[in-house]
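A single chain comes next, written as structure tokens; it is the form predicted alone.
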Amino acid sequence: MLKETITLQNKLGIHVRPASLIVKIAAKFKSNFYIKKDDVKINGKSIMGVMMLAAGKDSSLELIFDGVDEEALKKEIISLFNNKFGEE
């Protein structure tokens, strides 16, 4: 199991477009993927779950990867967050 804590950097936070990109990438992998904000932990492969986080700019998120291809999943998800979902 791999964990990474990040601070959300894009201006608009996780709205529909970033949520769909997260889910699209996560769905390509066999590993489980979870996002934890405060005390809420959601399945990162569920667009409803990702949207439910209501994560705004500067939110601290814990990303949790668990499974056979967790390292590759982590790399792609972290890259997506670091590139601010291609929005800025």
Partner chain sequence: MKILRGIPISSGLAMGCASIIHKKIFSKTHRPIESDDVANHISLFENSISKSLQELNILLDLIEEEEQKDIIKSHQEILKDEIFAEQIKKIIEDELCSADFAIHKYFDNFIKYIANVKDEYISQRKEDFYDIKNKLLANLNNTDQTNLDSLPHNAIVITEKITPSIILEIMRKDVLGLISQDGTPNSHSAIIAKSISIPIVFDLKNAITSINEDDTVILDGSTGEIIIQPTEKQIDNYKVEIERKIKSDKEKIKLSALPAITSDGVKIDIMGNISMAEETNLPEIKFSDGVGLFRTEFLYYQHNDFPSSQSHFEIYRQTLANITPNKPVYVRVFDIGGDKLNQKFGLENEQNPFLGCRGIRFLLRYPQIFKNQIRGILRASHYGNIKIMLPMVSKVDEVLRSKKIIEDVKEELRTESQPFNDNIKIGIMVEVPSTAILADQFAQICDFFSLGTNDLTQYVLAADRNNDFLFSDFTYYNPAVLNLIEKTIKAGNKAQIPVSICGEMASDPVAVPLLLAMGIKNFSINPDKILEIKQNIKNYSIKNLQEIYKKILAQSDIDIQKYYTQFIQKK
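None of the values given here were measured: they were computed from a predicted structure. Positions refer to the first chain, counted from 1.
Another form exists, predicted in complex with the partner chain; not displayed. Remarks below refer to it.
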| note | Checked 68, 78, 72, 12 for heavy atoms within 4.5 Å of the partner chain in the predicted complex; positive is 12
| Close approach of residue 35 to the partner chain in the predicted complex, 4.5 Å, heavy atom | no
| residue 31: heavy atom within 4.5 Å of the partner chain in the predicted complex? | no
| task | Check whether residue 43 has any heavy atom within 4.5 Å of a heavy atom of the partner chain in the predicted complex, and answer yes or no. | result | yes
| said: Is residue 61 near the partner chain? Define near as a heavy atom within 4.5 Å, in the predicted complex. | reply: no
| task | Using the arrangement in the predicted complex, list in sequence order the residues of 1 to 32 with any heavy atom within 4.5 angstroms of the partner chain. | result | 12, 13, 14, 15, 16, 17, 20, 23, 24
